[in-house]
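Only one chain is included here, represented as structure tokens and corresponding to the form predicted on its own.
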């Protein structure tokens, strides 16, 4: 930190501002700064400037004239601290993540790197050299570029300057960059990008410790009153990965195009909400939620008018396995071809390709919306996972430090084993801001009993639908009367067992979050059971309406194909009343959600999944109404 040099920098952009001012010594003064003399009137000699500057005050500019940047350059808390992005998108459209090459990628890539500077020292003598250093652990996870004195080129100068990996021990990250006399006198602009994310607690913590020093021609380390040891220091932090949740302001939905009726139902809702709908047909997996999950990186940057805005990128986190053992089937391969692009990053956190199992599909990973309970505060929500997830994935979630520690809702009783089979979250106009949807086979049975008692026992459930016969490869009718369904001991027993487990998990979740009963809405559908090996697992028998796509005040769920009584599907009517009216204070205005049903029977329900399994929403900046860097976490 330097205390004697005052100047002014106009805020145009992160890099442009620094380049415009890099040649100045102190502000606009390029003449040597001399002291006014000692007690005997003799000149004190040159006053050296040893100064590294980062955007500690988070206004998007590393400004040497700003005391807020200078005084807080080594701090990190809810109000101050510099940061940078993992540069894992692809701004030059070469299907290579920008952090995986060794160049600046032009265009909008300038927004994905963060500039810092060393201030000019015009008083430094001929032969003086400078050195910018970064700590060893951080150097393996970042790249540092220096801007040439010609004002036109960037050079990779420090960090992981090769393509280092555990398999290549000869590749050593560069931890220091030397500045020439000309650079020391003129000052220099550098820029940093993250090559990776924080992976696990005990590994790289996401911080980079920067140090700047100057030696004269004789090799003597220069010192100042502000830097008695000759070193000025600063700290930066990489942006963590954050998971989107149902209350995110989504602006796009992904799904396979393989089922026309399913697509039509999703499209009705996305058109009404005026958000983008991406359909793909070039990947052999219709379970769009499962093979990648969506999240984001974000930091504050300067705007052209001197303000500050949020910039970052959507991030697709790939599942560790594909539908075959070939590398071509891996989700990360498809994502790098079809998702990766400007402000769209890809990420894989698993150790080994083709590892994990159904538990590692991302329908088993979700986000409890923001809440506080007792002394626990989760302003950006809390990651919710089911059973059996890979250890490195759990370590990754906790290492981000913002939506952790994760909460486990056990799912090993389910055939597919995913939390979205019995839990979901919707916005509400309540103090908490949301409510929990939970599967209720008990309610489904009660509704069917009520219909039977009213003389409608012959009404048909699943009219016109077919089950897939795994033994023959053909189809068998799914239609069944209310009377026969209620008399089916296997389904009634499976539903009762499922209800016991759901009640146990509900009780634990309520205690953890502090949810009251009126903050929980039961979604009626029965469960069946299937054998896998010697063990019986539960699976939705009726379409699982809790397994829903939520964006804004819109919800899309599986058409239940319940019995038609007086012209209405009793399950659709019940859900519309519960979710689509003011009854439960849902939606931002409390007047209910916009409820849509789509036919997911053939491609999803009878193959053991539903709407949430087959869709995946994401969002662009600003991503959240809470800035992660202001949480203090």
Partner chain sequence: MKLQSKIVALLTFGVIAALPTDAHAGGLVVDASKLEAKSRTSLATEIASSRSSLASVYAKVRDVQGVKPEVYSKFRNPVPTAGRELHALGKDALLPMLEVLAFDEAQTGLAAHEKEALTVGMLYAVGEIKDARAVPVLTSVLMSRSSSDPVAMAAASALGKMCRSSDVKLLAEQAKGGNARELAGIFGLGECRSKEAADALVVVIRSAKGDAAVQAVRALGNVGSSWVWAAKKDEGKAVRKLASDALVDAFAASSSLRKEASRAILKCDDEDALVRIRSAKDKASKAGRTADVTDLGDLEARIVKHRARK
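What you see is a predicted model; the values in this text were computed from it and never measured. Positions refer to the first chain, counted from 1.
Form predicted together with its partner chain: not shown, discussed below.
K.L.:
Heavy atom within 4.5 Å of its partner chain in the model of the complex: which of 462, 506, 314, 311 fits that? Just give me the one.
P.N.:
Only one option qualifies, and that one is 506.
K.L.:
Between the options 162, 457, 388, 379, which residue brings a heavy atom to within 4.5 Å of its partner chain in the model of the complex?
P.N.:
Among 162, 457, 388, 379, a heavy atom within 4.5 Å of its partner chain in the model of the complex occurs only for 388.
K.L.:
Does residue 252 reach its partner chain in the model of the complex if we count a contact as any heavy atom within 4.5 Å?
P.N.:
Residue 252 lies outside the contact set for its partner chain.
K.L.:
Is there any non-hydrogen atom of residue 272 lying within 4.5 Å of its partner chain in the model of the complex?
P.N.:
Taking the distances in the model of the complex, the answer for residue 272 is no, it never comes within 4.5 Å of its partner chain.
K.L.:
Given that its partner chain is not shown alongside this chain, does residue 323 nevertheless sit within 4.5 Å of it in the model of the complex, heavy atom to heavy atom?
P.N.:
Answer yes; at least one heavy atom of residue 323 falls within 4.5 Å of its partner chain in the model of the complex.
K.L.:
Do residue 374 and its partner chain share at least one heavy atom pair within 4.5 Å in the model of the complex?
P.N.:
Residue 374: no contact with its partner chain in the model of the complex.
K.L.:
Report yes if all three of 358, 441 and 608 come within 4.5 Å of its partner chain in the model of the complex by some heavy atom, otherwise no.
P.N.:
Result yes, every residue of the spot touches its partner chain.
K.L.:
Any idea which of 209-217, 424-432, 82-90, 281-289 reaches within 4.5 Å of its partner chain in the model of the complex, heavy atoms considered?
P.N.:
Heavy-atom contact with the partner occurs in 281-289.
K.L.:
Which of the residues spanning 237-251 lie within 4.5 Å of its partner chain in the model of the complex, based on heavy atoms?
P.N.:
Residues within 4.5 Å: none in this stretch.
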